[in-house]
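Heads up, the chain below is alone and in the form predicted alone; it's given as structure tokens.
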Amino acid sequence: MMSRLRAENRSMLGNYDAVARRAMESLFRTFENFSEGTIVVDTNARVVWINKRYAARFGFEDAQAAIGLECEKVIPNSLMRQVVKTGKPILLDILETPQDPMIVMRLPIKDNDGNTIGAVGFALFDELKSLTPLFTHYTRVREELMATRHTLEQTRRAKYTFASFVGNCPATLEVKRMARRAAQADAPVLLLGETGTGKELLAHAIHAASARAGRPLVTLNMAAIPETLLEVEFFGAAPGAYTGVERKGRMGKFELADGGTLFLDEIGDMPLMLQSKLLRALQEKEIEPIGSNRIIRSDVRIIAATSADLPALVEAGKFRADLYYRLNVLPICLPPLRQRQPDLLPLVYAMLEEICTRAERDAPVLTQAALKMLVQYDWPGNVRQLRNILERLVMMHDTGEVDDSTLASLLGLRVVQDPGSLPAQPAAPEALIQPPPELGYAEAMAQFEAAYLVRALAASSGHVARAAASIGISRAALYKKLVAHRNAGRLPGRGVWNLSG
């Protein structure tokens, strides 16, 4: 019984071998019939067989004449020898021939022990247009990938240079001098200063002037990311490390910034637990993604910034002293805008030009009183507040000059009037210049309009926008009429109107 089963098994195995050999022969014949040419070489890369079509293509009228020759002497630029030598296939390649290029495939031939004893090559197509759909798809995907990489690179490049840090007062020049020196080093930089003083701009400028300028600049704001996600943002996560992580894992900012600069904004808000891990990453120059045992070497230059009093946080136990000393290698203190008064007007003009160019609007003309108010204002929000006020001014301003009353409304200030100027509460119509009886119709109507406008202002507490809405005209039209009546002497003194509404 057992002997009969063994005999049947041997018979079945024999049948399997026969089927396998027949399949290989059939596959070879199929390729040979449908391809433009077929060649077989031995372990020395000498031709042992070539079909007539392929031989004729390379000038051999008799295919037998090519047998025994080295493959390169039959097919110039042939890579069959490489396949024999390495034992690795070359699945798709373009072979240049005296006529048209060909799409070829080369496969190694191995014995039962896995040793390479030759190779077989098939010329699949002799016209590249046969693969046009494939090439078109590949080209499109490649272009999209390149465009995406280019966009990503641009977002991780420095957006500002030292020229963007406008100003020439002594305090500003000292900041630029120290920042340029920091750009030439590779040690950590700590930018200190009030909110809105330009710490991020200076970080970009330092990176742009450093030897790492060609590598990424990656920003991480401690105050803008929940504490539970900060560690992942820093170090990344392995696939499946936690629910919701990407299938391929997540790269951390350290890995993204490799070779470049990592800008840590609002470093004073970093949780204590994460401070120790950051310190280790800076000291060891290596990180370990969450849920992974893989150690990643990290070549990153750190620029940190904060508006907090770090020594006070260290004293209170809210910031690690060792991390503070590790970051505080090259400290740069950015002065508030109120200490850079000589820089204020150059900043105003530079920002107005940039804002108006982007908004495609004409730049407003600031009166001397408006410029004086800008210089004398304390600017608690520093440069960021100045930009906000100028952007609002450009968006709200229509025509005519911008005086101090306009800025006062934007800044939430109350303008103190000069003697003889129109009081904050507009005068009653009786205070207007009374028209003499001999005035013509046009002038009399103009005087009436002036009185009418002043009554509307009085009812709106001097607020031009509300007054204009109450009488059914635009704010710009009301302002234009007020200026015209003032210039014609129909309104006493210089009027001050609130344009913030």
Ligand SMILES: Nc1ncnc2c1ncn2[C@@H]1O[C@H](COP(=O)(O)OP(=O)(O)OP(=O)(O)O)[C@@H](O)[C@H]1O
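Counting begins at 1, following the sequence as shown. None of the values given here were measured: they were computed from a predicted structure.
Separately, the form predicted in complex with the named molecule exists; it is not shown, and the next lines address it.
Of the residues given (Pro216, Gly249, Gly196, Gly268), Gly196 alone sits with a heavy atom within 4.5 Å of the named molecule in the predicted bound form.
Phe165 is the sole member of Tyr324, Phe122, Phe165, Trp379 with a non-hydrogen atom within 4.5 Å of the named molecule in the predicted bound form. Of the stretches 82-90, 197-205, 402-410, 228-236, only 197-205 has residues with a heavy atom within 4.5 Å of the named molecule in the predicted bound form.
In the predicted bound form, the named molecule sits beyond 4.5 Å of every heavy atom of Leu330. Of the heavy atoms in Val104, none are within 4.5 Å of the named molecule in the predicted bound form. Taking the partner from the other structure, the named molecule in the predicted bound form has a heavy atom within 4.5 Å of a heavy atom of Arg387. Within this chain, Leu220 is remote from the site of the named molecule in the predicted bound form, having no heavy atom within 4.5 Å. Using a 4.5 Å heavy atom cutoff, none of Leu344, Ala450 and Lys481 lies near the named molecule in the predicted bound form.
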